[in-house]
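Shown here is one chain on its own, the form predicted on its own, set out as structure tokens.
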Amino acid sequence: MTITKEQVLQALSNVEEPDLKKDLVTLNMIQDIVIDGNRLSFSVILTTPACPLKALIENACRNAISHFISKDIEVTVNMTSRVTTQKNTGVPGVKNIIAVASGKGGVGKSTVSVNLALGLAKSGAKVGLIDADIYGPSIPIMFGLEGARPLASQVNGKTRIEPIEKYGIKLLSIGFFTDPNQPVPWRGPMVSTAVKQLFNDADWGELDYLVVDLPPGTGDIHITITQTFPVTGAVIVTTPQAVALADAKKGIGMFLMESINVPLLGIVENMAYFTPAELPENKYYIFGQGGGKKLAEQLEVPFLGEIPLVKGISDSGDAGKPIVLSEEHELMVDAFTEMANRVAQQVSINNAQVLRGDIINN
């Protein structure tokens, strides 16, 4: 039988992108159709390499060709991606800025930020990470980069900071420029200027995601970043107990303020339960159970996952090799990878909604 490009597009128009709720053809996600006798190949352009539904979409495409054209066609599906963006982020080359925040300290926000960035990079995305916790920068320790100093270059007569690259992502932290043994007694204006320089004076190149590890609370740094740069969305980190959840609500409230108005990508519950290394199937909810998930349900925002309390997480961070890179802690690698995939998924959904709204309004 003779297969036509029109037949292929018609068949694939029956495959819906589960998150975006439209078919792949309408979304212009089908490209590079090649027909050679009874052999067919085409590319599916996903909105993120970290798409958790990749296998489901590929299988649906194969079924559509089999059902609507012929079961005898030899099908090759190339699953690739092009990360979406909804607006100019204010940082040249950066498609999406993801803020990671918490209402209080001690909930593992930096650990989540680091493993989120690395999890996105593992999927094939181009990722950067800014340590915006001016008063307590921890990224240099967690990447084994204490004492490291970024290089500077001249671009069009201007001095540009070159982020340090490690484990496949680009990094900048105020800790690269200060004495790690001395405090940073800066007032608000100095802090705001320093934070802006991490964005504006760095040569980030082309990035799909720039993850920003914010300090605890709701202070000057949060306001400076959210009012200066169009942040794609915020990830809120909490632990299960009531005190942490109460502070998380305040952090969420800040992002939803009219003067800030940053979309929530979802909530991560860190230290959700304790699992001993010798009993990996056991879960002990020592800080309470399900608080983060209940908060997400109350606010009608996505729940991005539970991260167990495992000693290997802190050991890996202290050793300068975050646990998502580990070959030994499969449980933790899976938890952080799944969280990263869900964050990427929410970024794609939010971008699609914004772009669709812009089209309708215009």
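Numbering starts at 1 and follows the sequence shown. Note that the structure is predicted; figures quoted are calculated from it, not measured.
Omitted here: the form predicted in complex with a small molecule. The next part is about that form.
In the predicted complex, the small molecule sits within 4.5 Å of a heavy atom of residue 308. In the predicted complex, the small molecule sits beyond 4.5 Å of every heavy atom of residue 220. Residue contact with the small molecule in the predicted complex: residue 138 places a heavy atom within 4.5 Å of it. The small molecule in the predicted complex is not approached by residue 189, whose heavy atoms all lie more than 4.5 angstroms from it. Look at 246 to 254, 160 to 168, 99 to 107, 260 to 268: in the predicted complex, residues with non-hydrogen atoms within 4.5 angstroms of the small molecule sit in 99 to 107. Contact check for 129, 173 and 205: none of the three has a heavy atom within 4.5 Å of the small molecule in the predicted complex.
Think of it this way: in the predicted complex, the small molecule has a heavy atom of just one of 326, 38, 314, 31 within 4.5 Å, and the residue is 314.
Screening 142, 235, 211, 225 for any heavy atom within 4.5 Å of the small molecule in the predicted complex leaves a single hit, 142.
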